[in-house]
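Before any questions on how it binds or moves, here is one chain, the form predicted on its own, in structure tokens.
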Amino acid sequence: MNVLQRILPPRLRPIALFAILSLLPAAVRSPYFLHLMILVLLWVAIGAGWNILAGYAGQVSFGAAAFFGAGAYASGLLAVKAGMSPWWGLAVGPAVAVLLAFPFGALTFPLRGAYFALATLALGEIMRHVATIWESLTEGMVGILILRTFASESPYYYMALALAAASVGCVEWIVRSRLGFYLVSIREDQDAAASIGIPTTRYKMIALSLHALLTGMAGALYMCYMGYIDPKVAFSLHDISIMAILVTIVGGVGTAYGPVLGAFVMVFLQEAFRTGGFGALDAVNKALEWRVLDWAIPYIKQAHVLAFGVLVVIVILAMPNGLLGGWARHKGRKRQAAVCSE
């Protein structure tokens, strides 16, 4: 048993991580860093929802943007059209996302594999076009603008932390419950699961509903925090749907804490490129007499998509189960080698 296991048993590590994250606003006063952490925590929730549907139930989805946008617009429209507090969106937004998921699942669950994935892709695009065209309700490309309730990032940080903790806790509960066994059996062989009496459509619908619930709540909180959305932001295929997939794949598909690690990696990697190494490239360029990086810096700041692609290829080739799954497998091999050597 190593020193870390003696000091902090595995069961206590999530509690310790939550305690550290709870104290972060008191230790770090930078609004910029707290903003990044809020985004990380929102992506933890979105990634956890996608992980339930794809990682455990085996239903690969490109439709996270549809549920995220539904939650975000529900919150924004309550404020703009109904004159209510946008915070009601934290309850209404997930409900709207789940109501969207039910008819969609009923229509598309007979499809499998790539066909279901393409159907989820179509759902996101349909929602984006509806939000663009239905200007009397959604304001179209003008978007929805509301005033933030709090000037400080700290309240939003704690709300995002609570959402992320609840999302990870939901996945942990699923893993240890009968529902988790049913979802994994559907992922491994849907026909075999059906042959032993598991109602596969019902449990796939449960997984889709949980995905929609968590993603819709993240969208509602994003609206309350950022104060502005438009169809390109709320229903973005790349920035929402693809990012949800990358967060989970990089962290570890089918692992409870994979989306946590993946969210940290992807958000900070994206921000590192966008800011040029958090300003390091600009500082180096200014220090150089001939400013030789003038031509390269604009391209580097826009290269995060290329970096995402390279990272995913490396993870898939070297660690098919993601960073967390790959590390767990590496530790298992070391333990097995130690036992064999004895």
Partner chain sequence: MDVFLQTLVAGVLKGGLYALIGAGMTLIMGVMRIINLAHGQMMMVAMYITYVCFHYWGLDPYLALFISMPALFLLGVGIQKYTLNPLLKAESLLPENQVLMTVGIGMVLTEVIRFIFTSNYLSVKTGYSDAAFFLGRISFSVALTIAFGIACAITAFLFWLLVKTDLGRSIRAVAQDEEAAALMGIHVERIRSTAMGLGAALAAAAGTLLLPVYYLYPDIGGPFTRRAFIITVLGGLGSTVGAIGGGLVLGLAEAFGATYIGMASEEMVGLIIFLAVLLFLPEGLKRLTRV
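It should be emphasised that the depicted structure is a prediction, and the values quoted were computed from it without experimental measurement. Positions refer to the first chain, counted from 1.
Quick note: we don't show the form predicted together with its partner chain, though the next part is all about it.
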Residue 276: touches its partner chain in the model of the complex, heavy atom cutoff 4.5 angstroms: no
Residue 125: touches its partner chain in the model of the complex, heavy atom cutoff 4.5 angstroms: yes
Proximity of residue 111 to its partner chain in the model of the complex, heavy atoms at 4.5 Å: yes
Contact of residue 119 with its partner chain in the model of the complex (heavy atom, 4.5 Å): yes
Among 213 to 221, 67 to 75, 100 to 108, 153 to 161, the region lying within 4.5 Å of its partner chain in the model of the complex by heavy atom distance: 100 to 108
Candidate from 284, 303, 28, 36 lying within 4.5 Å of its partner chain in the model of the complex - any heavy atom: 303
Of 272, 166, 242, 91, the one that lies within 4.5 Å of its partner chain in the model of the complex (heavy atoms): 242
All of 54, 62 and 316 with a heavy atom within 4.5 Å of its partner chain in the model of the complex: yes
